[in-house]
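A single chain comes next, written as structure tokens; it is the form predicted alone.
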Amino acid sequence: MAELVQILIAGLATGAIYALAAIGFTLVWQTSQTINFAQGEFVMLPAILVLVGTMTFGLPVWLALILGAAAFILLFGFGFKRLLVDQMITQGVLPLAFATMALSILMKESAKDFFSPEAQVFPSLAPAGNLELLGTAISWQNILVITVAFAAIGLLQWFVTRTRTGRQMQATAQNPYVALLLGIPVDRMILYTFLINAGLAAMASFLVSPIYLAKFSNGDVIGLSAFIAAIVGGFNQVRGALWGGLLVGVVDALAASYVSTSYRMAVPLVLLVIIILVKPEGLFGSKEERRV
């Protein structure tokens, strides 16, 4: 029983990371109809930037975290929106999807060639060791991941539902044309979602890298798992992305422990196929009708 609890806690921690990335997928899709296939690399890169700050420039960890997050949000929140999405969205959704795929490859290969092809230890903000609770050893890092991720998601949910700007973002997501007629600055609201997405990705990067190390290939698994989580939960619901991420994380951990680590990614894919066949809109998603 203690082993099962440890696996479930580890799965929830991993699922919380997937949820942060999946929520980014969902927010960007809702407001701009953009699927960012570089989302996994968005989670990979901030940790690399922090290590560049500490290893190359000798910055203290706390300062490197702040500067790394700020630089990433500026480049891949504001810059991604202005320099890539705004330029490509007029060409249609498919060319934009290809552009984000190209960005994904560029980010991955750049991290490999200009930083290191080897995995690097990333400093943890959690104390070393485990918390002994009812005979079960729970890693402090997993506790930190779950606590910070849920706090961030709760704060985001409060912001979206309880603030004027958040409600304007919801209106933009539901119908940007009507929102524009009502005087809502639609372009600014869309930009806010890209900035939030970049912030969530940076947070996920800082939380996951102490566990899985900082390496250029981290984005492969995280991006795919987050994409699956967003679809399983419902691509048009932030709540769905949260529960989809937790479900995929737990299923992934159980598969690695009781099936095989070689087939751990196959199990979430099977879950995805089942959800698409049984409930195409996702577990918490709602059906949308569009005229074409």
Partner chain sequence: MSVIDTSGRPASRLGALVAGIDAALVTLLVGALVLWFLPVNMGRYGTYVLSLWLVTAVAAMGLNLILGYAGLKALCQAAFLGIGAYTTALLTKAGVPWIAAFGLSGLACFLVGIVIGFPALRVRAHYLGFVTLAFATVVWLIMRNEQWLTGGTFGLSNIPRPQVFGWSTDGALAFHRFVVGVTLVLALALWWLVRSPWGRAFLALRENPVRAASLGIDTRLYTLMAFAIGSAYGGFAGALYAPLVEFIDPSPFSLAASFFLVLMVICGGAGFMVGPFIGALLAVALPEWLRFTGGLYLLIFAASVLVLLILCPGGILGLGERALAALRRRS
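Keep in mind the model is a prediction, meaning the values are calculated, not measured. Numbering follows the first chain given and starts at 1.
There is also a form predicted in complex with its partner chain; it is not shown, and the following applies to it.
Using a 4.5 angstroms heavy atom cutoff to its partner chain in the predicted complex, none of A171, I190 and L195 count as contacting. Contact between L283 and its partner chain in the predicted complex is not found at the 4.5 Å heavy atom cutoff. Taking the partner from the other structure, its partner chain in the predicted complex has no heavy atom within 4.5 Å of any heavy atom of T136. Its partner chain is not shown here, and in the predicted complex it never comes within 4.5 Å of any heavy atom of V186. In the predicted complex, its partner chain sits within 4.5 Å of a heavy atom belonging to Y263. Only one of A71, L213, M88, L144 comes within 4.5 Å of its partner chain in the predicted complex through a heavy atom, and that residue is M88.
Checking Q157, T165, S124, S110 for any heavy atom within 4.5 Å of its partner chain in the predicted complex turns up a single hit: S110.
Stretch 229-237 is the answer when you ask which of 229-237, 59-67, 248-256, 46-54 has residues with heavy atoms within 4.5 Å of its partner chain in the predicted complex. Scanning 261-279 for heavy atoms within 4.5 Å of its partner chain in the predicted complex gives S262, Y263, M265, A266, L269, L272, V273, I276, L277, V278 in sequence order.
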